[in-house]
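There is one chain below, alone, in structure tokens, taken in the form predicted on its own.
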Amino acid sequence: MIELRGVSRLLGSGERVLTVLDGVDLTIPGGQFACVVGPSGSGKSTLLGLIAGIDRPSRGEIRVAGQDFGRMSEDELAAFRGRWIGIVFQSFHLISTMTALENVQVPLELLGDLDARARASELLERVGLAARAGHYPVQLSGGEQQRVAIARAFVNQPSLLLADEPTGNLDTKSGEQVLSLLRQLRRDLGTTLLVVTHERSIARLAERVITLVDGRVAADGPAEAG
């Protein structure tokens, strides 16, 4: 599903170059639940942005679902992302002027799906927010906003779901609810799930944990039990 070969990301120019990722090789098969962990500044979010096609590597190759990102234009990447990839952010990224239902509809409307409203309503019901469909983000709690964001990410039934610190802004109970939803929807749809997190309690639930240190893969294997 995901293949990275010798991927590096450099920032700056001349003598002031920061190596954010350094020669990363990584393969994640379809349907796997993997977590990326590591200290702050290790390159976790940068890695996710590259896999999403939001950013470009300085060196190396990235393939997702057999598509070579290096051969795709920005428009082609955006179209691919809209059909194949769902993204959940720590800060929700909901549109403040749209209701919960309208926020969930957006990805399908961009694809011209005539059944967008019905599908969005179904996803809101699955995340337990059918009664909040007409509410705006400011009227929702942090946990509810993240559940709306999850419904939006899954509404187009993506093959790949990327989550960047999805519980980072939530209290413990809301975080557990959000993680449970991610895992349940991933199982139901057979989606590949890649989560960036600093929380070991989340990483222990994954099938695989990838540890980044100074932009390199320092460890890669099954999650620790317990």
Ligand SMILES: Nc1ncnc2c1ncn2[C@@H]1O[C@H](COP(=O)(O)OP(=O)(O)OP(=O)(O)O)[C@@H](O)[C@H]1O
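Just so you know, these numbers come straight off a predicted model, no measurement behind them. Numbering starts at 1 and runs along the sequence shown.
The same protein has a further form, the form predicted together with the ligand, not shown here; the description that follows concerns it.
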Next item on the list: Can you work out whether the ligand is within 4.5 angstroms of a heavy atom in all three of P39, T46 and E165 in the predicted bound form?
Entry: yes
Next item on the list: Name the residue from V209, V20, L205, V217 that puts a heavy atom within 4.5 Å of the ligand in the predicted bound form.
Entry: V20
Checklist line | the ligand contact at H198 in the predicted bound form, heavy atom, 4.5 Å | finding: yes
